[in-house]
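Just the one chain here, laid out as structure tokens, in the form predicted alone.
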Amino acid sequence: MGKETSTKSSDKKFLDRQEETLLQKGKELVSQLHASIKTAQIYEQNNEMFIKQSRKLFDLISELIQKEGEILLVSKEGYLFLNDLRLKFDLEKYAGSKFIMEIFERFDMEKISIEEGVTSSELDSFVYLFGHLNPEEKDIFDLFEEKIHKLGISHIKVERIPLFKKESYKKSLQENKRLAKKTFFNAVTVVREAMSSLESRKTVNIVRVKRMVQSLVDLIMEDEGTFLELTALKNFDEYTYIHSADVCVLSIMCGVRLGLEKNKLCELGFAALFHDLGKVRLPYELINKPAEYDDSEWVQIRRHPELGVKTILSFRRLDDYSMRAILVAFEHHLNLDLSGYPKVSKKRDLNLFSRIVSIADAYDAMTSGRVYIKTSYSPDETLKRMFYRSGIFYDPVLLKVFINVVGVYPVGTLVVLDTGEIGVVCGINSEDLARPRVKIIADRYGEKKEYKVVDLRKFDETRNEYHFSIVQTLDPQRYKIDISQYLAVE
């Protein structure tokens, strides 16, 4: 019996190692495919750079085929799968995975299969097609498949997304948006109820908070775009609660980019949600004062990190969640150089979660213009100000990760395009952070037409230039434009 158990255990370890190897090779495949398509968009097939990159891709594919027999790369419900194994990407390979998923979507494609016997010539032609076919063409999948056959590519096959799956996926996206909005405002309610319970000296329902954070993590991993829109909405009165939810969402997104495991993402979200919990012990009039603080009021405000620690310690049970939250509550206003508050006497390394929350907290506060910073800044101006303080106030690596999350022109930025049209950034492109998706809200004369969304990555090869480019950003307050009406999630 003992020998049989030992054999089963050894078999499981062997299978786990095989799966881990395939997972790593799968991520590398996506990365190399991304690099090859981008190279094909710049160089001809006989160019040395293209040949060098295509050789890397071919060698990797040959290795995978030797081990697996066939390669099946599938895009399904917002994820990439290699031979039924779901691929999970960290920050380094995240942009490449998003690019490949978008390629699948644009070409109306669900599956690529590469069979034993594929040649480097077939692979080069296949990749080159991706780099030069215009996905805006009518019936793009049929055109793509036709060209594959004409080029004699027989060992690489593509499959179209079935119509019923497309409709199901659209419904799934709509449902995700509805759930995202519901969960986001549920987070706001949870913070409000927790603070209300603490004010009344009642017990906080920690189990409910954890469940809500776990739901947030699940939904953010599926549809972070909707949550970026929600965090960009700034026209709410209950700033303290909305701010906590915003910081929670933005922190989780950073954690996803860093490749944190789900349990760590949940701990991070919990700590971020309660980072300002100490404010419950400060006067309501002080927290919501519309004018600047005087010196004595600042003394009180700067007590909230320590008060947060005491408040979390008052929870009946202390576990990994609450211990993380204690650290973040204490450290989130300490700068990287240990300036800020509360004052610390000994040199220390700030906790990773604290450094993440510090960035999310500062960004949301500066773009909201509430509590500490009475004048709000545009999202792009906020990032510039934070970037100048990188290495002193903020962890420079984590700030780059954060910019990767929100984009160079974050959702909610009011922009002027080179066409003279005015628009609001409504989505970012991980592949090119400087070229987001923009909802055009007015023409060059300021007249409002039917709103349309344009992707600033669209390139006109005949004129060798982009269709649209951002030439400047505007202050929405100066022009009395309510950004939120263009971002409200359905």
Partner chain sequence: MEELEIKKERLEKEQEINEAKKLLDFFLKALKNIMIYPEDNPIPFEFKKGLYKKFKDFLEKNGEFKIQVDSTNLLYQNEVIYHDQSKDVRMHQEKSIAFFIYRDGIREIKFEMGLPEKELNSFLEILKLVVKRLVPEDDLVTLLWGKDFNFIKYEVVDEILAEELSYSTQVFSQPDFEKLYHSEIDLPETEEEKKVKGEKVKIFVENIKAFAEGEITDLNKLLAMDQKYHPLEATISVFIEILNQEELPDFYEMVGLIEKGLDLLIETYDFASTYKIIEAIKQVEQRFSGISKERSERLKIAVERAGDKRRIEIIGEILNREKKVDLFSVQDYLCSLYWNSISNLINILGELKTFSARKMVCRVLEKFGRENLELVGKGVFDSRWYVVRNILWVLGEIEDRRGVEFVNFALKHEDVRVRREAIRILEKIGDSNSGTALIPLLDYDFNKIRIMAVKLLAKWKVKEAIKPLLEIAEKKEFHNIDIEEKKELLLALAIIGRDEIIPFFRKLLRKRAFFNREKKIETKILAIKALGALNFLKAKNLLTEIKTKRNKTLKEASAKALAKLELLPKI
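Since we're looking at a predicted model, the values are computed, not measured. Numbering follows the first chain given and starts at 1. C-alpha atoms forming the largest set that superposes within 1.5 Å between two forms make up the rigid core.
From this point on, the text means the form predicted in complex with the partner chain, which you will not see here.
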Only one of 130 to 138, 338 to 346, 116 to 124, 271 to 279 has heavy atoms within 4.5 Å of the partner chain in the predicted complex; I'd like to know which. 338 to 346
Single option in M323, L151, L143, I392 placed near the partner chain in the predicted complex, where near means a heavy atom within 4.5 Å: M323
Answer key, the partner chain contact in the predicted complex at 4.5 Å (heavy atoms) among K98, H333, K234, K177: the residue is K234
Is G420 one of the residues lying within 4.5 Å of the partner chain in the predicted complex, judged by heavy atom distances? yes
Hey, in the predicted complex, is K448 touching the partner chain, heavy atoms inside 4.5 Å? yes
Taking heavy atoms only, is E20 within 4.5 angstroms of the partner chain in the predicted complex? no
Non-hydrogen atom contact L33 with the partner chain in the predicted complex at 4.5 angstroms: no
4.5 Å heavy atom contact with the partner chain in the predicted complex for all of K182, R355 and A434: yes
Pick out the residues of 377 to 413 whose heavy atoms come within 4.5 Å of the partner chain in the predicted complex. F387, D395, V397, L398, K400, V401, I403, N404, V408, Y409
Would you say E465 moves its Cα by 2 Å or more between the shown form and the other one, aligning on the core? yes
For D59, decide whether the Cα shift between the shown form and the other one is 2 Å or greater, given a superposition on the rigid core. no
Shift of E28 between the shown form and the other one at or above 2 Å (CA, core fit): no
